[in-house]
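Below, in structure tokens: the form predicted alone, a single chain.
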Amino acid sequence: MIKPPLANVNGILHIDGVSAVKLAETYGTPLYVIGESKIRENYRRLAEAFKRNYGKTRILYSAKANTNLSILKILKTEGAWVDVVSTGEIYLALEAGFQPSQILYTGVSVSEEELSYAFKAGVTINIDSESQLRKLLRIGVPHTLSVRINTEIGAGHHEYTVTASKTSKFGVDEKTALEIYRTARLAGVEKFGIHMHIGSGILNPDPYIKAAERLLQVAKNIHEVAGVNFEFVDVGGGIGVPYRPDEEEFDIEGFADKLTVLFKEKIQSCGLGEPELWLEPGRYLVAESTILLTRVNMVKQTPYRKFVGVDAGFNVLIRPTMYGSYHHVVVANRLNAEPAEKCDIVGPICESGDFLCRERLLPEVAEGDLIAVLTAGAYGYSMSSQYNSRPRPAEVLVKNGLHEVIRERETLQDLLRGQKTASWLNV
């Protein structure tokens, strides 16, 4: 799992040319460290794989993976657009310099207030229900509109991350979609897209290809019945990355070949013209760029197992607790030490579910050692919290030996931000 931007330099973990030990000493722990070069490398690999097969491909970064402004700006300079799911993400995308036309907003259970914000911001809105369309048309008529289709073909690394099935809250069926497009067209919407998203953390491309085929069939039917022409077909995101040493990388080039061949055949046979092909990767672009550094506070041996207590809990990285997710961990200051014992790495949160890994074979760990949690760039910081009243960690960006804070560590004073004491308690 030690591969670029990571390196083993005399037993010390380095990321993008910087010592993890130095970073922890300089900025403290817990600490998210992001390697800029890996983000750029992943974007270029994905974009090139698709564009060499279909030139009208558009990559939209799924911002929910990590909305740090520096990450957004890195991807903007590479040519990415952005996929957002809330008013906060719209705001951050605009702050990062994206034009409204480069932002796709896909909301679910959306209030009229949120829709109004998206409409006034001028971003492209991806409709998730008839109710959402009615609310939107009360606010105004957008120039371009997309509809999220539930293909009922889903996939993902955990049942909570599957977003297309008969019981999914996301998207609409073909019959409902047809009525939405008809209504929108009669209301004066001029341009249209069509969209799907089947899940997250997908390592097998087969369900993705099947769902895309289903989406294109729906697009054909809507084109023929409602007379809608599509400016873009958005096949969503969800491309996974290997978290375990025995997992193979997703075959991006093979996937791009299969999907673009299908896409070109279907748009021709279905008479759909030459719409843009949109993809929405999040995890694939940022997960492997980042490590989480955490310091060992405690080593405790019980009659039943050994616990290594660190200063990062599920308030910092919730994926192991929430999804049972595996993250590879290494002792960053002693990479060359031989594995010696199994232990649980646990955090400081007052919950039995607060762990980063269980029964993991590691070198003998001592208090003061530095643990690195790998592949932590997607849904790490973005899902962090102040639970147990613990301030959130800092984020540092590294590039070719340079390093700089791109999100300050919260302080105890930040815990009071926005709080007010009721007047009758001021005694």
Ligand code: LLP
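As the structure is a prediction and not an experimental result, all values here were calculated from the model. Residue numbers run from 1 along the displayed sequence.
The form predicted in complex with the named molecule exists for this protein as well; it is not shown, and the discussion that follows is about that form.
J.: Of 27-35, 58-66, 45-53, 364-372, which is the one stretch near the named molecule in the model of the complex, taking non-hydrogen atoms within 4.5 angstroms as near?
T.: Stretch 58-66 is the one.
J.: Establish, in the model of the complex, whether Thr151, Phe192 and Pro275 all lie within 4.5 Å of the named molecule, using non-hydrogen atoms for the distance.
T.: No, because Thr151, Phe192 and Pro275 lack any heavy atom that approaches the named molecule to within 4.5 Å in the model of the complex.
J.: Go through Arg214, Lys135, His157, His223 and name the one with a heavy atom inside 4.5 Å of the named molecule in the model of the complex.
T.: When the named molecule is considered in the model of the complex, the option within 4.5 Å is His157.
J.: Of Thr106, Thr290, Ser146, Thr294, which residue is found within 4.5 angstroms of the named molecule in the model of the complex when only non-hydrogen atoms are counted?
T.: The residue from Thr106, Thr290, Ser146, Thr294 that makes the contact is Thr106.
J.: Do Tyr381 and the named molecule share at least one heavy atom pair within 4.5 Å in the model of the complex?
T.: Flag for Tyr381 set to no.
J.: Quick one: is Tyr323 in contact with the named molecule in the model of the complex, heavy atoms, 4.5 Å cut-off?
T.: Taking the distances in the model of the complex, the answer for Tyr323 is yes, it comes within 4.5 Å of the named molecule.
J.: So in the model of the complex, does any heavy atom of Pro207 sit within 4.5 Å of the named molecule?
T.: No, Pro207 stays farther than 4.5 Å from the named molecule in the model of the complex.
J.: Taking the named molecule as it sits in the model of the complex, is Ala177 in contact with it (heavy atom to heavy atom, 4.5 Å or less)?
T.: So Ala177 does not count as contacting the named molecule.
J.: Heavy atom within 4.5 Å of the named molecule in the model of the complex: which residues of 223-240 meet that condition, in order?
T.: Contacting residues: Gly237, Gly238, Ile239.
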